[in-house]
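Let's start with one chain on its own, the form predicted alone, as structure tokens.
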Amino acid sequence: MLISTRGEYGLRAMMMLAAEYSGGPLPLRVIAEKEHLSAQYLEHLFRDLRNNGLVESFRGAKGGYKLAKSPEEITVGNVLWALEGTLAPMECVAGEKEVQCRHTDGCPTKFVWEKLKAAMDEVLDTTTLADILTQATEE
């Protein structure tokens, strides 16, 4: 399972907002320039982040985006789930919809997918943007 560019770029953009948390709003064009991304692409990502309550937008000459919560309150999982949806390794453990699988009556490998999903969720649920900032400054 790979995280898409939506998740990767969205998390990188959120890290820029986390680093500037105590300052004013950060314009998307600044993030786009620093990350070498299209501002239009970032607009799509930030729409989903805003709809999930992770960022706030501000209009005007000094407008842009800020985190809606502190970096300590936003987990990597919050960001990735807002942009990617489920991150389950297999559809049968995603829990989103009825899965058509010929092994539903007794899948010998389902427990592996459940353990993998649980381990991934644990990391995503317990790692905050603040944790990433701290790690980055220690390296």
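The structure displayed is predicted, hence computed values, not measured ones. In this text, residue numbers run from 1 along the sequence as written.
What comes next is about the form predicted in complex with another copy of the chain, which does not appear here.
Interface membership of V30, defined by any non-hydrogen atom within 4.5 Å of another copy of the chain in the predicted bound form, is ruled out. Within this chain, E91 lines the site of another copy of the chain in the predicted bound form, having a heavy atom no more than 4.5 Å away. Contact annotation for W113: at least one heavy atom lies within 4.5 Å of another copy of the chain in the predicted bound form. Interface membership of D48, defined by any non-hydrogen atom within 4.5 Å of another copy of the chain in the predicted bound form, is ruled out.
Contact check for I3, L11 and L124: all three have a heavy atom within 4.5 Å of another copy of the chain in the predicted bound form. Stretch-level contact check against another copy of the chain in the predicted bound form with heavy atoms at 4.5 Å: of 57 to 65, 40 to 48, 75 to 83, 22 to 30, the positive one is 75 to 83.
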